[in-house]
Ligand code: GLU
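Single chain ahead, written as structure tokens, the form predicted on its own.
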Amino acid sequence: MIRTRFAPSPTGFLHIGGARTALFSWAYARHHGGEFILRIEDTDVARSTSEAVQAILDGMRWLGLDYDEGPIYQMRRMDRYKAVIREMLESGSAYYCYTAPEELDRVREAQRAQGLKPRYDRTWRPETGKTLPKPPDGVRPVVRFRNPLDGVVAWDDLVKGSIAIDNAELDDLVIARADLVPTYNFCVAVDDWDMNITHVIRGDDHVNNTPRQINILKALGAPIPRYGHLSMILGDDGQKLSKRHGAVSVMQYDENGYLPEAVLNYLARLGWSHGDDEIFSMEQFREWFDLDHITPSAAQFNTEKLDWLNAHYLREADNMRLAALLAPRLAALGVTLLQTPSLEAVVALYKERVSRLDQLADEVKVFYAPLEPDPDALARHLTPDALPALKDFAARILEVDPWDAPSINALVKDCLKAHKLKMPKLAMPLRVLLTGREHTPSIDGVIALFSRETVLERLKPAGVG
């Protein structure tokens, strides 16, 4: 059975790059009827926080990326790691190293001065016929992995193709610190082995970790997963993705008014394609997804395209769902929802005009909050030729029956005809007086959302209410 994993470190939020890794790992497992595991790699005790863990879980939940096992925390597996290290020490695939950090720094500086690649000099590495120094008193050793000295580590990367690294380029890495806490590459290798991970899909910043993890797995006699390293994501300007481009918490996209299905759809197209398809459901994505169509070149984040996708999903979304999402946003703006107009009805009229929920909240709040029209806008549109038509409209409002858009439209047209005006001459002052905005959906639809009494009240600044 195919088993993939997403293994973030809880040293910060779940950002857009991590979300794409999670999505591709999830989709590969789901496509093949396999299993997807969430693992929290929290061995960096100094930087890991419970808040970051919660941010990861919240982001996964918001995106709808369900997992079959987890979250599994590495810090709860310390006994297992220590047992494996003992076995490696006994087998000779690992050894104690007593070199002090300051001595290691001096060795590396000397190597750099000679133009050599800085590395551990293997002073404490056991070799046939070699006499090791006497362990110094009071020094707590680290444990190093006995990396092969020759040959190559090679794998057929599922995204980048064949990769080979000379073992001579690799150090005898530390697999347990002096405080006995195991290190990242060692824990990852043991976890992937214990969890029967068959495919590791992750960012290409991990390419240099892969040969080290493969060698550890070989030393343990463990199966080697297939590896696929995803290219980095660049910002709109072609530079490395940063906070100003969108490399923020996934939950920030929620706060900014994006729908999860839009973010998922957008992430799916960052480095992967299915012909010319741009808009598709997660069901379709699971059916289509494989690693053959992932490009090894860097993907470029495009905020405008994300906004375009989100606008599409807003138009397609159920009005009741959007109203439920808008209610807390309006409350945060200090807006108290009234029984009328129905928030669902307002959403239905306005959702095609925006690309994000925060924009939608800003548009619809005028139906529930007190309004003070912009004096400059009033001056522009309350012209002498418009005022008689507005007075005529206000005088006949109580005659409209039923109170709906077609009946209101008929009244507007009657007033325009009677006063020989074009639509903007009456519609624009009505928009400004009723909503404070110069741009709204069709004016008859907007008016129909208000009660007659509210319309008359809001026409008062023109002296016609």
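Source: prediction; values computed, not measured. Each residue number is its position in the shown sequence, starting from 1.
Although it is not shown, the form predicted together with this ligand is what the next lines describe.
A heavy atom within 4.5 Å of this ligand in the model of the complex is found for one listed residue only; from 175, 270, 216, 188, this is 188. The listed set 288, 368, 184, 96 contains one residue whose heavy atoms approach this ligand in the model of the complex to within 4.5 Å, identified as 184. Of the heavy atoms in residue 212, none are within 4.5 Å of this ligand in the model of the complex. Proximity of residue 454 to this ligand in the model of the complex falls outside the 4.5 Å heavy atom cutoff. Proximity of residue 206 to this ligand in the model of the complex falls within the 4.5 Å heavy atom cutoff. This ligand in the model of the complex comes within 4.5 Å of no heavy atom belonging to residue 44. Along 4-21, a non-hydrogen atom within 4.5 Å of this ligand in the model of the complex is carried by 5, 7, 8, 9, in order along the sequence.
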